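Shown here is one chain on its own, the form predicted on its own, set out as structure tokens.
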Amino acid sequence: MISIFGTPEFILTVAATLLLLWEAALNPSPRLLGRVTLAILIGLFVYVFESDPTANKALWSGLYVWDAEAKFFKLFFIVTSILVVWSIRLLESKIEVGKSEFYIITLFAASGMMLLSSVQDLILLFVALELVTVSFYVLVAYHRSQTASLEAGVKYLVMGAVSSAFLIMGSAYLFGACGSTHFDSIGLALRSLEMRPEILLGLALVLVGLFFKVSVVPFHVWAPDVYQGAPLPVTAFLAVGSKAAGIVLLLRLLTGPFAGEEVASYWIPALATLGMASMILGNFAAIPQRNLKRMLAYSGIGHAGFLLAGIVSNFIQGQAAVLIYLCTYLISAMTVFIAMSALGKSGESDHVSNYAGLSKKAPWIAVPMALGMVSLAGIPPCIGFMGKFTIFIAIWQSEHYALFAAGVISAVAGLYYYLGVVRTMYWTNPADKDPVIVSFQTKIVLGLLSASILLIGFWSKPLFSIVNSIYGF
């Protein structure tokens, strides 16, 4: 049995607050604080991994749920945060001011993400989401002397405020119609009420607020500019952590209070349409991009479409497919971002042409980056193939054939720009032949990620077993 004071979110928030006080009082070196941050996250991972998700099904008067799905996402966010912190360490020299605070704000964002995986009430959902969003407001605009970073911060601030307004307005409509903000009470009310306009409007507004966070078409316009202008570790955190936070909320809502057949008859066609649009626009818009972060932003929109497709399946296998896809996306995308961070330490820009001949200058970066790109493209035997394969199976079994066709077309389009980066690294001569120095620790991290891409791709049974055990089939 654990109390609310033993939840991972509470522990991480207290740890981040103590680090903030330590930094203000004693001014430790950023490198030392970064090591302590990594140690805290690794310790928290062990704590959550060893915890029993059935010990407490609900805490905080039912506002907070502690179940297998919540445990999975908490571990997911902790692993993402560990890799992001490592990326920050690689680019620490490029952070002009506030290097220590960069680590601390990352912990607060991670705490909010973990809380989102357990929310069972619209009010707590909004509070947790704002903790994540406000942290990213600061992180995106962290390079204050760079116009691109400030511009990205302003755009993210404006779009974040708009999405929050949609979310809180939708919550107000649902509270007015159902008489409660708790997920279980809303679900009971929706099963006994007719689908009145205010209920549908509330549902639509809440979903729009979350679609902004996941960067789903047509609520994606902020993503390319913000990804390009933000510091590279923040781009990685947005691409993986923030997207997964939005997906877990969609899962909680659409498989919980909004899971009834009458309600689902409204949101399933809407999500299927947005999923198709996101897959097609994201992948085709990524083709002409020459800035790598911008390319990954558009590809992330495409990946969001695949995730929506899994949710649209509206049955247990579809939910499991979404979790598997998120795992494959985490490993593949973070491999690419850490490889970029390792190269960024040497002063390379984000333009694809600057990766020409990278295999000759830095094979320890080129190989993991190529594997990450191939995996994101969904080519076997890499782990990314399993992610796309499970989504396609879920779509086909739910008989959404138009969505299936859009997914196939989008996956083929993705091959062009992902493999284009690999071609640039291996079949183009470098502008200079100066070798890139990669630390031994970074080689170990990139080696482990590369091995995960291949090993789990070859032998994915443990991953399937973990996800299947969450849903009991």
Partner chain sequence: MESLLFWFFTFGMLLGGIGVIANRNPIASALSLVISICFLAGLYLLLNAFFLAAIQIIVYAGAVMVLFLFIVMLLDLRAEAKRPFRWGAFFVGLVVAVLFFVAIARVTHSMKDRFVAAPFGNPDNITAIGNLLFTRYLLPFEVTSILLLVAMIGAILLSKKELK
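Numbering follows the first chain given and starts at 1. All values reported here derive from a predicted model rather than from experimental measurement.
Another form, the form predicted in complex with its partner chain, is not on view; read the next lines as being about it.
- Contact with its partner chain in the predicted bound form, judged by any heavy atom within 4.5 Å, is made by just one of F392, F385, W222, Y173: Y173.
- Interface residue among S313, S242, T80, S135, judged by heavy atoms within 4.5 Å of its partner chain in the predicted bound form: S135.
- Site residues L20, I105 and E198 are all in contact with its partner chain in the predicted bound form, judged by any heavy atom within 4.5 Å.
- Picking from 33 to 41, 405 to 413, 422 to 430, 63 to 71 the stretch near its partner chain in the predicted bound form, with a 4.5 Å limit on heavy atoms, gives 63 to 71.
- Mapping the unseen interface onto this chain, I123 counts among the residues with a heavy atom inside 4.5 Å of its partner chain in the predicted bound form.
- V127 belongs to the set of residues with a heavy atom inside 4.5 Å of its partner chain in the predicted bound form.
- Looking at S163, you'd find every heavy atom of it more than 4.5 angstroms from its partner chain in the predicted bound form.
- Heavy atoms of K360 never reach within 4.5 Å of its partner chain in the predicted bound form, leaving it off the interface.
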